[in-house]
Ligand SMILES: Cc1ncc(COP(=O)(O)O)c(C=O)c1O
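The chain below stands alone, shown as structure tokens; this is the form predicted on its own.
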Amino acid sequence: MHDLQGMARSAILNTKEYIPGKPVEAVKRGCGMDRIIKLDTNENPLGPSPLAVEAMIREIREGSHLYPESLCPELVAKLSARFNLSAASFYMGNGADAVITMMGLTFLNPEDEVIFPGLSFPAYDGIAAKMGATRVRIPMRPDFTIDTEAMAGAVTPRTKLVFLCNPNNPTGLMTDKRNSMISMVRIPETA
């Protein structure tokens, strides 16, 4: 029998488990209520857009039997033209968690730092912890907005990733373009 704990990376063993929000049925049972409007896990109490449902049904009928084109070349071409960036500037994935995880797997080492707001999407903290990177949580302002100036000020030569969720999850508050740290942080050019 193998000692799996002895074989696993300590960063993985020391990572706290992500606990998602309870399903609406569990909340109903726990509260003894029949009608609950739950807003804590990006769920929409109004249901999906009829146009989105039509598009999903059309895609199921026309393409569910085919392997999808994962690199999304048409979308990448439109984004490249819109933002005047090369296609290599974009990475496509199946949802934010997949993209955040791939960024961490690709770029993070134990000596690196990851900067993110103190109250934000848990995947940022999760991937930094799993990769053994130093997590730099920047406290929120008193009004629960992201302190982009403090985030920019926290950047050091060891900073590898900076995560800025906009609108922020879970607060839903926007970071105004004028207050964004994006213009304050420069990514060094590679030789």
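Since the model is a prediction, treat every value here as computed from it, not as a measurement. Each residue number is its position in the shown sequence, starting from 1.
Just so it is clear, the following notes concern the form predicted together with this ligand, a form of the same protein that is not shown.
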item: Heavy atom within 4.5 Å of this ligand in the predicted bound form - residue from 161, 138, 131, 165; value: 165
item: Options 22-30, 149-157, 51-59, 119-127; stretch whose heavy atom lies within 4.5 Å of this ligand in the predicted bound form; value: 119-127
item: Residue 100, heavy atom within 4.5 angstroms of this ligand in the predicted bound form; value: yes
item: Non-hydrogen atom contact residue 96 with this ligand in the predicted bound form at 4.5 angstroms; value: yes
item: Interface membership of residue 169, this ligand in the predicted bound form, 4.5 Å heavy atom rule; value: yes
